[in-house]
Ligand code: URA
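Just one chain follows, in the form predicted alone, and it is written as structure tokens.
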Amino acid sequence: MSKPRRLDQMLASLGYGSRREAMGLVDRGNVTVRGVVVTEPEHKAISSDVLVRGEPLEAPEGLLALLHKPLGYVCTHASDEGPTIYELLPPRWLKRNPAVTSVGRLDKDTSGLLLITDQGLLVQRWTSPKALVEKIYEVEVDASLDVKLVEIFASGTVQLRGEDKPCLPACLKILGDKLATVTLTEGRYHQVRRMFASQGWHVVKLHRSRFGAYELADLKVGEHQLLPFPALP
């Protein structure tokens, strides 16, 4: 169970406005605690007892969401590189403290599954080199695939340009002349593209369909879905 917190602090941290705006929300009688209107911003309560305008607080224990990233969007808060994934999220999420961020990144020319959270422990848990989280990518390349690539990718000997340590074994499944899926447990910079490039193929289309236990399923491009928050250690 969460610890009791001041209403103004709680609401501000969950993106309901600045501290002053949160105080005003309470002052105007928009907040109830166990069904009773409370107008003192300093009043302490646990998040599960609080309603704002009759609605429960959104993800009070921590936010975790799926986002189906479209092509052309970047995973940064800076807008000088083009449209950002954060433009696709509810404005309230962008006011949360801690701030929301993506778990790892997909480059501008890659679409697919991104996890969004405001909890640094989740980011660390899923992006640590020791985590070995499986990620599945759908790939289209520029030339016919050679079946020998399956063994090469699985060998653990693929060397990326500029790196000393070879990639961990990866599972390549050839689905068509130029189509395949790749399952990785690492998250090196542009890894899928660089692995194919090391063998003479150029990736022309890349899409991530799975991250760990999470899949996009029928989530449409550009849409997000709030997920149950996992237990933290």
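Quantities reported herein were computed from a predicted structural model and do not represent experimental measurements. Each residue number is its position in the shown sequence, starting from 1.
Here the subject shifts to the form predicted together with the ligand, a form of this protein not shown in this document.
When the ligand is considered in the predicted bound form, residue 47 lies well away from it, no heavy atom lying within 4.5 Å. Contact check for residue 192: a heavy atom falls within 4.5 Å of the ligand in the predicted bound form. At a distance threshold of 4.5 angstroms between non-hydrogen atoms, residue 100 is out of contact with the ligand in the predicted bound form.
At least one heavy atom of residue 107 is located within 4.5 Å of the ligand in the predicted bound form. Among the residues 57, 167, 206, 64, the one placing a heavy atom within 4.5 Å of the ligand in the predicted bound form is 206.
For the options 137, 93, 73, 126, the one in contact with the ligand in the predicted bound form, meaning a heavy atom within 4.5 Å, is 137.
Comment: 184 to 192 is the region of 48 to 56, 184 to 192, 168 to 176, 30 to 38 lying near the ligand in the predicted bound form, near meaning a non-hydrogen atom within 4.5 Å.
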